[in-house]
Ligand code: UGA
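Single chain ahead, by itself, as structure tokens, in the form predicted on its own.
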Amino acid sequence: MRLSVIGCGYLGAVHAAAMASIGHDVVGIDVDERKIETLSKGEAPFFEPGLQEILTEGIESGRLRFTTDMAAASGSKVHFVGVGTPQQKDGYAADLTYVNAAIDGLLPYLSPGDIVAGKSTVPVGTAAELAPRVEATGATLVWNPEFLREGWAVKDTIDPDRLVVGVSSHFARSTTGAEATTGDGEVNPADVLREVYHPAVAKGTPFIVTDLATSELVKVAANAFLATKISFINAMAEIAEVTGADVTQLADALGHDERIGRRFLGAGIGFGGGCLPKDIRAFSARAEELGRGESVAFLREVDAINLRRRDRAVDLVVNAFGGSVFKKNVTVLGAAFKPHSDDIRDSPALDVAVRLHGLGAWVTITDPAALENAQRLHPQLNYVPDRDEAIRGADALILVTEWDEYRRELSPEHASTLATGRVVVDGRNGLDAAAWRAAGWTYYGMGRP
């Protein structure tokens, strides 16, 4: 099938390459000339495991191309819109400027029978507002939210755990199946999306057809739930810190309850990135607009707990030196907001590094993938690509991004041959506390004795 993907950022570039990898003819379109030039060369513009391989394959096969010309969308059957929805500069609501611009730019090139599939994370009600503009061309709007995990985005696109397609009400009421139609004989657009995702559908991936509003809510509700679960265990860490309890043992015990589960019960420095923080704030803002702000008022505390854990990480380093880090050499292990990514958007790691620098510490940051992005944003810090060289001469280490290079492959004995001091702050509770203490280090965990 011929597909277009409007917006070639993190979401769009991965989606375009993944769709080409399963056999579709795909054109990716973006206004950023530099990004399009990079992608057209078959080069991934950001770090994402597996992306380079399918990008190269797609370009070489001829099934994948990129351009800045929106007219290239003409002739495609399905047009995916995957542009960003950042937080507004003057508030918590989502900025829909890019979504509206993408739809407006696409309209002249739509034909009757085309399908526009929104993938961007938007406030509930957005699709209903966009639909009349799309339908005026004879095309149909659906909403097909993404559930990508950075570091696993290629797998999550090709082999997702579920597929959700929101359609307008008269389609949502029709019976779906092979070539399901409404009473007017219209082909249900959800069935066209089944064809797009044929490998996943064929292996039994749940394919859920909803109305437009539900499909928009699925994404933000999922992120709100995950953020709440993370902040819950971090709230328990705050209690553990004043009672002497161990939050990691608490999480293990809670996780055996199948109603709760152990995943996302890792206490530490909290979440960041380009999704969870801005999405829960946008959700709160939209609920206020709908007159139901009280329904998700708890998300404000979820956000506040998350930000407090960054304060706690800084405090642990400062307290380890008796109240001042002035002229102390602190090595920060990690810059990306999570491992297997070079994304530094709202990175807790960089936030902590900048705060320590502001308190007078000499901060050195190391990361396997994100140093270039971090240095561009915070040039005042010291960046060292080599892990061991970054640790050399340090008075303290702080683990803030749980790359295997730091969590599993760095032994405390080896670190002792490099560092000057013996203080380690485990911002992710990912290190073996007993092993580090046995090697002579003063170990501080998050919510641990």
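Numbering starts at 1 and follows the sequence shown. Note that the coordinates shown come from a computational prediction; the quantities given were computed from them, not determined experimentally.
FYI, the form predicted together with the named molecule isn't displayed, but the following is about it.
- Contact with the named molecule in the predicted complex, judged as any non-hydrogen atom within 4.5 angstroms, is confined among 210-218, 334-342, 372-380, 289-297 to 334-342.
- In the predicted complex, at least one heavy atom of residue 149 sits within 4.5 Å of a heavy atom of the named molecule.
- Though the partner is left out of this view, residue 114 does not reach within 4.5 Å of the named molecule in the predicted complex, counting heavy atoms only.
- The named molecule in the predicted complex is approached by residue 271, whose closest heavy atom lies within 4.5 angstroms of it.
- Within 4.5 Å of any heavy atom of the named molecule in the predicted complex lies no heavy atom of residue 314.
- Taking a 4.5 Å heavy atom cutoff to the named molecule in the predicted complex, the contact residue among 254, 307, 226, 245 is 226.
- A heavy atom within 4.5 Å of the named molecule in the predicted complex is found for exactly one of 154, 230, 134, 96: 230.
- In the predicted complex, the named molecule lies within 4.5 angstroms of at least one heavy atom of each of the following residues of 255-276: 264, 265, 266, 270, 271, 272, 275, 276, in sequence order.
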